[in-house]
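Take a look at this single chain, the form predicted alone, given in structure tokens.
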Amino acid sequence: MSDNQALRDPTFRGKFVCDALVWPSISLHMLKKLTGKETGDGSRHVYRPSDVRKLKLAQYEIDESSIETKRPPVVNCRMAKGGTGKTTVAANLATAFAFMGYKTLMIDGDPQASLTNMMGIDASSEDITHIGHLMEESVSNKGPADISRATRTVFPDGMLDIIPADITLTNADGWLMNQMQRETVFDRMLTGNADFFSRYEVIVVDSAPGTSLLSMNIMVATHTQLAVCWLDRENLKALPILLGNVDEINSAYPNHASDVEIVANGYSAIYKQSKEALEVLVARYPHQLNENVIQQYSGFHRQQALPGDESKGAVVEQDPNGPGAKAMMDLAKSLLGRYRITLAGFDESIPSTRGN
């Protein structure tokens, strides 16, 4: 894990921890006891993502030192076209997982570097080592890559890190074209660098739109693609392309069988097109559609900082009590069981309410 200075250090009040980040909810007294904050100078205590983790480890009586390390699941935010809000979903999901106590790694797999910039890293001026560089290094050296040099700390204590991107990530397809089993390079890199990646409990990837060798690599390494579908006609047309890509992967690599989880994004009851698009998703993909629908929310437009302004991160970080953050937190909770995301090996997922 990177030892560079954290970009931000979010804190919460106890009521938010008890009501939003722990289930079932606990009392403030129990929160203070389990986190060792029973004493103080009388001021109101604040809690960090690492405190939420400490609370849950104590609550579940987990000894982290005895947990067998393993490769974490990958949440690949994906769509066959741009403008669906996949970066927004990726950023907020990763932040939500970290807030809930899960050690989370973000990977920006899009040369546009929107996720990188949203987290507060200037992809146009900083020296970036991206996932393309690391994949190439793992192939060239035929062994572990130096991934720690690429990783930037977003939240302290290993709770949220990112492997950023820049425009040179577009070069990845060029050298991948000449590789044996070229669609599995990313998957093999995860396996070959298990000591590094096992530090995290979930990896969230923001994939580039369209179909490329890099995006196919990330899909092969992911058991369930998180398809972010903006509720309009154009995105409904693009969804079968993604489903077709998954079918191709399943045929070519049966050991990497994958499916699709669809997230309906941008719902607004005042727009007829939005309602009609949601009805189509419900009718056509009832078993693949996540029960959480992300509504249009003005706060999502404020996530990207203006030039010269300091980044404040995703909506979940900027306004954790707002409606946009709540929707993203609910989505994150719903994915814990489906992606087999565990907290130091403990499964605290909430049973799904979606029909089979």
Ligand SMILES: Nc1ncnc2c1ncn2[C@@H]1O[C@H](COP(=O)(O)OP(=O)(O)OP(=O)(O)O)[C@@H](O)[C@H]1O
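A residue's number is simply how far along the shown sequence it sits, counting from 1. Here the structure is a predicted model, which is why all the values come from computation and not from measurement.
Although it is not shown, the form predicted in complex with the ligand is what the next lines describe.
request  = Name the residue from Thr116, Thr88, Gln225, Ser215 that puts a heavy atom within 4.5 Å of the ligand in the predicted bound form.
outcome  = So the residue touching the ligand in the predicted bound form, by this definition, is Thr88.
ask   = Heavy atom within 4.5 Å of the ligand in the predicted bound form: which of Pro144, Gly82, Gly244, Pro286?
value = Spelling it out, the residue with a heavy atom inside the cut-off is Gly82.
Interface stretch in the predicted bound form with the ligand - options 63 to 71, 288 to 296, 29 to 37, 46 to 54, non-hydrogen atom within 4.5 Å = Looking at the partner contacts, the answer comes out as 288 to 296.
message = Contact with the ligand in the predicted bound form for Asp161, defined as at least one heavy atom pair within 4.5 Å: yes or no?
response = Flag for Asp161 set to no.
message = Whether Pro111 contacts the ligand in the predicted bound form should be assessed with a 4.5 Å heavy atom distance threshold; does it?
response = No, Pro111 is distant from the partner.
request  = Check whether Pro209 has any heavy atom within 4.5 Å of a heavy atom of the ligand in the predicted bound form, and answer yes or no.
outcome  = Contact check for Pro209: yes, within 4.5 Å of the ligand in the predicted bound form.
task = Tell me, yes or no, whether Asn265 is in contact with the ligand in the predicted bound form, where a contact means a heavy atom of each within 4.5 Å.
result = Heavy-atom contact with the ligand at 4.5 Å: present for Asn265.
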